[in-house]
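Presented as structure tokens, the chain that follows is alone, the form predicted on its own.
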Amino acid sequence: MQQRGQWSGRLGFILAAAGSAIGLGNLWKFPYVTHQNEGGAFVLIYIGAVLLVGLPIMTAEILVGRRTRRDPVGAFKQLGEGRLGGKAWAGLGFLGVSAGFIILSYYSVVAGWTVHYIVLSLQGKLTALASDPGALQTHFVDGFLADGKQQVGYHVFFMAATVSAVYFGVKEGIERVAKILMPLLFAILIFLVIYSATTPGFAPAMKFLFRPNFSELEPSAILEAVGQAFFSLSLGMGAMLTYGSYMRRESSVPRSAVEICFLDSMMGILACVIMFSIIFTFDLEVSQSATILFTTLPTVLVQLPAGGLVLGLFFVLVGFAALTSTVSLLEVVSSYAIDELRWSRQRATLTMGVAIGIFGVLSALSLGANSALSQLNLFGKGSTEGVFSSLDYLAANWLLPVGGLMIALFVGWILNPQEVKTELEDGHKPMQASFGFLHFALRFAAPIAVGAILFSVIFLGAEYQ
């Protein structure tokens, strides 16, 4: 087996892992869900869900990766040997690799849209289009989404950028990209937050976001918060496990998990400050669809002072967030080929990148360019019509929750508690209290919470997309 890469230090790992967690969902899904659930109290429940569900599962993933220094399949195959279930636990690793393959195939399509909008912004065309809501809507839906060549072209371009980052390895590729993009991402985000403070909607946005309004909270909001906490952190698909496998022994697993969760949650809350300031300034109707980023928001942002500049920076922000996520998804799949198939990194990255890119063409053409792919219904649900929506439904409602549930059960019940404790404490002071919390959460709290998500999908018809 070829020598395994490592992060240069703790900072490289934190930035790369935070980049994996921070994505398009932070910029549109979290603000949408928070808005639908009346703000303040929901944010507090969300933070509680991150601590009780997201943080323990993230810690478990990183722990498994660092302990084995293997890809998801190899990690569970190694740790499962001689335990209840044996090498069958390798199936959990295959689930994660499959989820990474599927999610990247359609996620890169949406990520490609940001490149198109950045190009339009540089050409000076986006400002003109955004000044006329009807023109932008027509351009995006009837022109851009229905143009198969553009959809495939931008998808391939973004996949090429992703392959380029992963191709050069952990330290020289992934970490270097994270160290450049993540500071820029947060710099743009902070600028937009400061800018939003100058809008009339900033004060009501802050009041809405941080008021303790538990009397207005619906019971269903608790499950929404749990679901958002789980999905926002990129859990259940092996990304944190894979990145954890490149950690140095002197880096603290629990501390790293806390820092990643903090950065991801902070990103979501700052995105809410920006979005809610816009919403309250223009009395904007909020949509669940990710297309709000490409239709409604530009028409609003362009009305602000220096709107053209703000608009361009916004899509650079979205593009950076997307790229740091796609890099981690490709690394999950590539690491499997490197460790299990004994391929070189270059062969694994190029082969898997091309395979995912080709598969992703189906999603790229299913948004209006090809009627057959647009109407294909894989799960018998009208709301999941089309290849793109069907794959998103499969990943968000089945692959990720099942993966997260099984990881919690594996570390909580299958691994020896002393083995887990030793790995957490390796090179660090004893942490009896935090280990007790983690063990309880992985055995009971996290499985019950993620199980509730699956229950709502199976029996209540809920959909997390």
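Each residue number is its position in the shown sequence, starting from 1. As the structure is a prediction and not an experimental result, all values here were calculated from the model.
Just so you know, the form predicted together with a small molecule exists too; it's not on screen, but the next bit is about it.
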Worksheet entry | Among the candidates V387, I103, L92, M159, the residue which, in the predicted complex, approaches the small molecule to within 4.5 Å (heavy atoms) | I103
Discussion item. Can you pick out, from A178, A364, M237, A75, the residue that has a heavy atom within 4.5 Å of the small molecule in the predicted complex?
Written reply: M237
Worksheet item: Would L329 sit within 4.5 Å of the small molecule in the predicted complex, counting heavy atoms only?
Response: yes
Discussion item. Considering non-hydrogen atoms and a 4.5 Å limit, does the small molecule approach Y107 in the predicted complex?
Written reply: yes
Worksheet item: For F231, is any heavy atom within 4.5 Å of the small molecule in the predicted complex, or not?
Response: yes
Item to complete: State yes or no: in the predicted complex, is some non-hydrogen atom of G12 no more than 4.5 angstroms from a non-hydrogen atom of the small molecule?
Response: no
Discussion item. Can you tell me which of 24 to 32, 412 to 420, 435 to 443, 62 to 70 lies within 4.5 Å of the small molecule in the predicted complex, counting heavy atoms only?
Written reply: 24 to 32
